[in-house]
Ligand code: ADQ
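A single chain, nothing else alongside it, follows as structure tokens in the form predicted on its own.
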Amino acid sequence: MAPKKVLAVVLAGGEGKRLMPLTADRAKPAVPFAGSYRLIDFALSNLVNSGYLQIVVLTQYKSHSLDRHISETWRMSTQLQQYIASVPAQQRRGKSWFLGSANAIYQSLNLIHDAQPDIVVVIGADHVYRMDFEQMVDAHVKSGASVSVAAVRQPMNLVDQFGVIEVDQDNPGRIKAFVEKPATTPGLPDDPNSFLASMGNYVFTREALLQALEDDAARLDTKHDMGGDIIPYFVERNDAAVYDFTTNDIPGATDRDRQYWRDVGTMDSYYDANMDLISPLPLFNLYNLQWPIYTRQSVSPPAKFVRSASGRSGEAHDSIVSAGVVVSGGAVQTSILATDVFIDEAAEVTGSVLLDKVTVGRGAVVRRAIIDKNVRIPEGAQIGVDAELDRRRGFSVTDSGLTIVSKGQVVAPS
């Protein structure tokens, strides 16, 4: 059998309200992650590593930094008909912007008509994981269904945050019900405390997807959402298959990180996913070079740890330190330092995520905080030590006590 021609569509137009203030000035897929990456790098790396090299990225909300990152980083060989194209909302099907994820694809049907694929892979741009989509496409073709939905097990307390998949007990490869973010759902037969969550990754047979999008566009009782409308459309016709993420085999994966998948939709989940990376045996291994995560390569010099003028050593433990970082007599513990961060003498950074070009002044203290780019923390200032003080200074503080300082926000001396 001849290999199927595949077009990949990455949905990257989301506003990411729950990731405010990190999304105040950028699209959610452009949010920096793990020191050197953007969230979208994980989706694009998985597609490229799977051998799918015709990719369109649908953008909308504050997309400048995302568009720039894609154009500077993801350059393919056009001579070999390879491309990763950033495509903004174009109002091709009326005068509205994207009305939902399904409408985003509907308004961009020209891309599918031009590419003429047999299979359309549709994925989100804001999850952290490794996945071989070729294996999912093969399983989809064998299933005979019009759509396959990738599923991952999640604890029951997260049921209202995901699209929930219920399978047919007599035919466990078929989806019996698909409910978007319900209040409750039955547990799995072998684990009542877990449920199957949609990963937001779909594989469609082209003609079936085109018909579903046309039917959805003609309806008035729809939110034009992939999970809320398009997948139930196929479930009602008993034409939706489930793909078990646990069967996906990645070269170089370990038992510890083989089934790792994180939705970084909130500030706390974003922070936790960063912290997953820094243990000696991390929950997600960035160093698996058999399935690399690609990103833009910095032109900054190597990181360095130096003594301060008074002779105090600069040091970092259990941390990720990116290019251009200078730790001059400061101390860093269980943290992630992005490009060109500077830590001054006697400064202490613990359990924190610092984005590009953050400066931590002499004797300053940063604990369990996320500091967005270009923030200058003055000498002696404290962040993440007193939650009420942080709130009074205009910083965001989550219910768990995580402090977030916005991009370029001024931090007054203590």
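Numbers follow the displayed sequence, beginning with 1. Because the structure is a prediction, the values reported are computed rather than measured.
Another form, the form predicted in complex with the named molecule, is not on view; read the next lines as being about it.
The putative spot formed by Leu58, Ala125 and Gly227 is fully lined by the named molecule in the predicted bound form; each residue has a non-hydrogen atom within 4.5 angstroms of it. This chain is drawn without the named molecule; in the predicted bound form, the residue among Ala241, Val137, Met199, Ala212 with a heavy atom within 4.5 Å of it is Met199.
Proximity to the named molecule in the predicted bound form, taken as a non-hydrogen atom within 4.5 angstroms, holds for one residue of Ser146, Asn274, Ser101, Thr295, which is Ser101. Only one segment in the set 248 to 256, 172 to 180, 304 to 312, 317 to 325 has any non-hydrogen atom within 4.5 angstroms of the named molecule in the predicted bound form, and it is 172 to 180. Contact between Asp263 and the named molecule in the predicted bound form is found at the 4.5 Å heavy atom cutoff. The closest heavy atom approach of Gly329 to the named molecule in the predicted bound form falls outside 4.5 Å. In the predicted bound form, the named molecule lies farther than 4.5 Å from every heavy atom of Tyr233.
Within this chain, Phe133 is remote from the site of the named molecule in the predicted bound form, having no heavy atom within 4.5 Å.
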